[in-house]
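Just one chain is shown here, as structure tokens, and it is the form predicted on its own.
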Amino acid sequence: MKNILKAGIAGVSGYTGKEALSILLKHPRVRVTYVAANNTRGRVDGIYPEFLGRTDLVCQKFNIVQAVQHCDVVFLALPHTESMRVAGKLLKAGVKVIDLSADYRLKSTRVYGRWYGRQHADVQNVAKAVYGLPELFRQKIKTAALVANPGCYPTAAILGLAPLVTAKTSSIISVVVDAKSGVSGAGRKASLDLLSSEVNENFKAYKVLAHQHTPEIDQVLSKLAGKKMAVHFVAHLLPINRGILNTMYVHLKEGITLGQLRALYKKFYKTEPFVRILPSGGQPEVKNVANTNFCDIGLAVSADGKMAVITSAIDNLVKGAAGQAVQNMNIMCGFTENQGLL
């Protein structure tokens, strides 16, 4: 098929892999030619009946030779510490890679080892990987062979904080990120604390000041600020299936008005197709971004102007994972950026 990109998904049995498949099957410039998973076998429409009549793909155990033969690009929707064992082989064969795990997000392999408990197995490609947040790194993504797709919490946090951190670096005293995610953010694996009866009618914080996404947020904000930045990050589990809502408190030395803050954000994201700055007084809601690639942002300022409160909402499986991965693929391959996503 002329001008059609052949795409593969490794890890199609997880929520992120499934979401990527759903999006790519609707993409006018893509044909999904290969799907794989380590512990799931059989026709995709048997594993997920919702795909009945949409695809006749068969899920098999990942095989690097077959992936190279059938794909121009492979989405690695694999658990952390697994992508680094296959990404380099795909790249060596000339296949583009979009990794949805954390394996290539952190530029320091020492920091990676501390947070993910494993020595990195592909150090040489860590330096080559481009962090896949299009709103900040679009030009580098255009020429990348390996994109490290951002985490869901970092996507919501960084998009919410980037304009203020960039423009008011010297005025920032502290940043607190109060983050809340639906259960699908924990993946599809069986776990006692993720059972419906445990999550329903409940709300709790977890990994307080010790979440593995913290260094990812710090790394990007430090790059934007041109100096070391460290946020105080606390994650919470919401009793919903999908969606993230972040509330970020930025303590400032110098006051700022709501009008100035809104002008800053409107200008920063003026040409971005997937970031929506809400009207004055408006606040993001997860239901308004569910099943979309949008990030909605709300703004408020304290009476003295020294506390800016930024709220951001995304769908953790779309803009926080598979949708952003397809957005990155569009940029890498020269497609219209919103193709398959609207």
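The first residue of the sequence shown is number 1, and the count goes up from there. Please read all numbers here as calculations on a predicted model, not as lab measurements.
The form predicted in complex with a small molecule exists for this protein as well; it is not shown, and the discussion that follows is about that form.
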property: Contact of Thr214 with the small molecule in the predicted bound form (heavy atom, 4.5 Å); result: no
property: Distance check, Thr40 to the small molecule in the predicted bound form, heavy atom within 4.5 Å; result: yes
property: Contact of Ala67 with the small molecule in the predicted bound form (heavy atom, 4.5 Å); result: no
property: Contact of Ser13 with the small molecule in the predicted bound form (heavy atom, 4.5 Å); result: yes
property: Pro79, Gly255, Gly226, Pro239 - the one with a heavy atom within 4.5 Å of the small molecule in the predicted bound form; result: Pro79
property: Heavy atom of each of Pro134, Pro273 and Ile331 within 4.5 Å of the small molecule in the predicted bound form; result: no
property: Proximity to the small molecule in the predicted bound form (heavy atom, within 4.5 Å), stretch among 172 to 180, 262 to 270, 94 to 102, 125 to 133; result: 94 to 102
